[in-house]
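Provided below as structure tokens are two forms of one protein chain, presented individually as structure 1 and structure 2.
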Structure 1
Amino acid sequence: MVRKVLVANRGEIALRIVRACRELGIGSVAIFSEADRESTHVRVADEAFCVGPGPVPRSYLNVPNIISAALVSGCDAIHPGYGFLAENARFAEICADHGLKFIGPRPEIITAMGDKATAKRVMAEAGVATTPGTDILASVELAREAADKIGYPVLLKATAGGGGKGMRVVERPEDLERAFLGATAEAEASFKDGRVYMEKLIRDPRHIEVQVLADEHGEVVHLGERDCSIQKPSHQKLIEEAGAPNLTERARTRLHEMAVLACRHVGYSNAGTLEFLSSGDDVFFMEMNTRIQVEHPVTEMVYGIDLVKEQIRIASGEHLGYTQADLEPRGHAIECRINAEDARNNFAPQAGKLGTVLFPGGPGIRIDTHIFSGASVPPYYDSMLAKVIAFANTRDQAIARMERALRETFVDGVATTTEMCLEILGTEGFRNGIYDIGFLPRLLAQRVG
């Protein structure tokens, strides 16, 4: 078993990893920027090292300082969490070069799956259904030829992207050049990789993802699906649930089978998530995230498995110790992201010093957060403050429990998405489980109208 883990992240996911380490009897080492000196994960970990000033490139992406902290503290593994260096193949290689176990898949797998265009090609080779599209487009002229062949509308996507960055919908040929230049510029600014590819735009799809676990001995299982279709206009997720409501059994079966097939095909190990677009019985592979997901708690609640502990066990060379037949979902779970954002002002990020902070409790409620009364919200990082997770026997009960929990949530000092989440939960479309990725943009447009 791994003996001591450096947590190469911040916020709630860093605290989540530290807690898993402690329950496993493993030492934990936190890193922090000068802006995060008072953060909860720093206080809770066994040791902590400052790796630089607030800006991300000088702290949480400061690889030399992170590796030095791991070596000085005697760690034998690094857990990257999500974001930052979690899907950086070069970082995984550097860890190995210094005798540190990277808690995630092998670097070559991260490379293959992290490049979305490459991942789609690999999945097609494995027999997994993919959205009609292209490889990397080197010029506007090639993009124009591809769009004419695929047929409008099309979607331009950054191959190294995520969170809606470097993504443009193109409805008409006359809009293509501007969209291509905008997507490549945004991708370059966000990921230092301006390459984009094209997909056929599927109207009103659902965003469904499948959680997988795979050990280093070839065993692969899925832990069901999550519906992540409640997304802001920027394509960033706001509410997720497990399992996906109103999914046809044919689609659900295909999703699970394709996820396991894909992992076996590439020799995947550790935790991962395969994301799909779904419409009726049709499902199309979109991308794979080679890390733990923000929304992993809903799967944990439904399957009763600690995914972060499983990551550490797998990285330690252990067998899963269970098969697909041993895994049965029970109940329903919903997660709402409480972000420091002004939902009435295009979800503008907020920063500042918090006043009173109160989170709910009671049966079936889980809170993953790093904030506390008086904490500071720095301007440098992702705006998520907390995740409120509600679990119950049925979906209706989970919704009612979540509504109660959100009404007990109080964060003073910055605007948050709490009220927006409550509004969504109260809509007929959400309650009926009949929604797609355009649901929230349409709701916002109605409010403006």
Structure 2
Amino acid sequence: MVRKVLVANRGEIALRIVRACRELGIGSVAIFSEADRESTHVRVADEAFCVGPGPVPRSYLNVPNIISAALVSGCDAIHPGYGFLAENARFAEICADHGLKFIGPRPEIITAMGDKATAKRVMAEAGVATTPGTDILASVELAREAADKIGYPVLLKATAGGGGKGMRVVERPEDLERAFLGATAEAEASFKDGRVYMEKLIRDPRHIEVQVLADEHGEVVHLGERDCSIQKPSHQKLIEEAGAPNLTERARTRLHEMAVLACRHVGYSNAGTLEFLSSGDDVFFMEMNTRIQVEHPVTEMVYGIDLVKEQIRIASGEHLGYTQADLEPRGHAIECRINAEDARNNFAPQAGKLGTVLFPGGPGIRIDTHIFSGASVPPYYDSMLAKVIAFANTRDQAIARMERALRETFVDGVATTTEMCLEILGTEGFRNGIYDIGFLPRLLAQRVG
């Protein structure tokens, strides 16, 4: 086993990783910015190093300082969490160059999956269902030919994208040129890579993703699916659940099989997530995330597996030690994200000093958070403060439990997404489990008139 892990992150996920280390009997080293000096992950880790001032490029992306902290403290591995350096292949290489095990897949896989057109091509080769479409489009003329063949409406996507940046829906031929130039310019500005590709637009799909674990000896398992269709207009997830409601058994089985097939094909190792669009019996591969994800706890609750511990064990060269037949999901789990955001004002991020903070407890409730009464919320970072996870035998019970828990949640001093989550849980669409990626944008549009 690795003996000491540098946790290259902050907030709830840094704390989550420190907890996994402690339970494995492994040392943990936190890093922090000057704005996070008083943060929980700093207190709870065995050791902690300041790596720079508040702004992200000067601290949590400061690779020389992070590598130095790992080396002077005698770490043999780095866990990147999510965000920051988690999907930076160059960082994974630099870790290896310094004798530090990067807890994630090989750098080449990170690079391949980071380029969305490449990822799609690789998955299609593996036999995974992908959306009808093209590879990179070199000109408007080629885009026009492709769109005529695919049939409108089509979607232009940035290959360096993900998260919706550089994406354009094109309903009619006369809109194609504008959309192509717009998508290219936006992608160039956002990613310094203006290359785009085209897909058939899937109307009103759901976002279903499959969790996988693969060891470094070729064993691959899936840990079922999550429905992450409840997203803000900015494409950020707000509520996730495991398993997905209203999925046909045929679609569910295909999703699971394709995820495992894909991992075997690329020689994947460590934890990963394959994102799909789902519509009726149809499923289409979208992207693969080569990191632990924010919403991993819902899968942990349903499968009784600690995914972060598994990541560390896998990176240590251990065998999974179980097969698909050993894995049986039980019950239902829902996660609500408590963000420091004003849901009545376009989810504007909130910063400042917190007053009283009270989180729920009791049967079937898990809270993953780093905040406490009197803590500061710095302006530099992601606005997620906490994840409330409700687990129960059935979906209806999990919903009731989540509603109960959110009514026990108090975060004084900033506006949060707690009430927004309660409103969603109360809707007929959520309760019957028939919702798609347009659900929250439609709900918000109704509210403002």
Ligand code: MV4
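None of these values were measured; they are calculated from a predicted model. The first residue in the sequence of structure 1 is number 1, and each one after it adds one. What we label the rigid core is the largest C-alpha set whose atoms superpose within 1.5 Å from one form to the other.
Of the two copies shown, the second one, structure 2, is the form predicted in complex with this ligand. A displacement of 2 angstroms or greater separates the C-alpha positions of Lys157 between structure 1 and structure 2, with the rigid core held in common. Core-aligned CA deviation for Ser190 between structure 1 and structure 2: 2 Å or greater.
Hinge motion between structure 1 and structure 2 is captured by two rigid parts, the smaller swinging by 12° against the larger on C-alpha superposition.
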